[in-house]
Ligand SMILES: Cc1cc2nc3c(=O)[nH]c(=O)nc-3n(C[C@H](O)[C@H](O)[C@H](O)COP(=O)(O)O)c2cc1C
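Just the one chain here, laid out as structure tokens, in the form predicted alone.
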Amino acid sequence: MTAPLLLAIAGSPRRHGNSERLLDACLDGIAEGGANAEKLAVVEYGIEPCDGCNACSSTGECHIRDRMQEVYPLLDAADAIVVASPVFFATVPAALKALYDRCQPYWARRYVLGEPPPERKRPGALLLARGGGDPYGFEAAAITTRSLFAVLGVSYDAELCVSGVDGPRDVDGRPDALAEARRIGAETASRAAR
């Protein structure tokens, strides 16, 4: 039996910051759980935003030809998906939101073109990091991700929300958060193998 493949999406516009450090800890747990993982740093893909043309409602495909065309096969092949993101104005940053919005073809295939839903939902998890001061916390980022997962046929099995990490590597001083991210990775790997 081959090891499951997990797609680990780093959603920050800044590489190797707090949310990506959480994702790296999660990746350690995924490896310990016996799964393989592919890490996708969204900022390196230069994904264009959805232009709302609605072509995918006719074709089931996005007409924009950019590196999102490389992301679709990764989303399709993944046995589980983990997203890590900072929280910007209560939600995910623009680069990650562009990826989310470009998943409109999955919605169109299911709800407009009548493609049946997947037989089995794949496991999913969300890791969020934020500084402080925003009165709206993590809720909008979590709901936005839950919506994406629903369209992709991914269950929302685990969530880690870490506050008070303003500096680029403040999360390194939070061994509890890193340990929890690692545990989530191992558990997600285990779920993907079932």
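For every residue, the number given is its place in the sequence shown, counted from 1. Quick caveat, the model's predicted, so the values are computed rather than measured.
Beyond what is shown, the protein has a form predicted in complex with the named molecule; the following relates to that form.
- A single residue from the set 154, 27, 126, 165 has any heavy atom within 4.5 angstroms of the named molecule in the predicted bound form; that residue is 165.
- Scanning 134, 44, 32, 66 against the named molecule in the predicted bound form with a 4.5 Å heavy atom cut-off leaves one residue, 134.
- With the partner left out here, the named molecule still marks one of 112-120, 67-75, 99-107, 82-90 in the predicted bound form; by a 4.5 Å heavy atom cut-off that stretch is 82-90.
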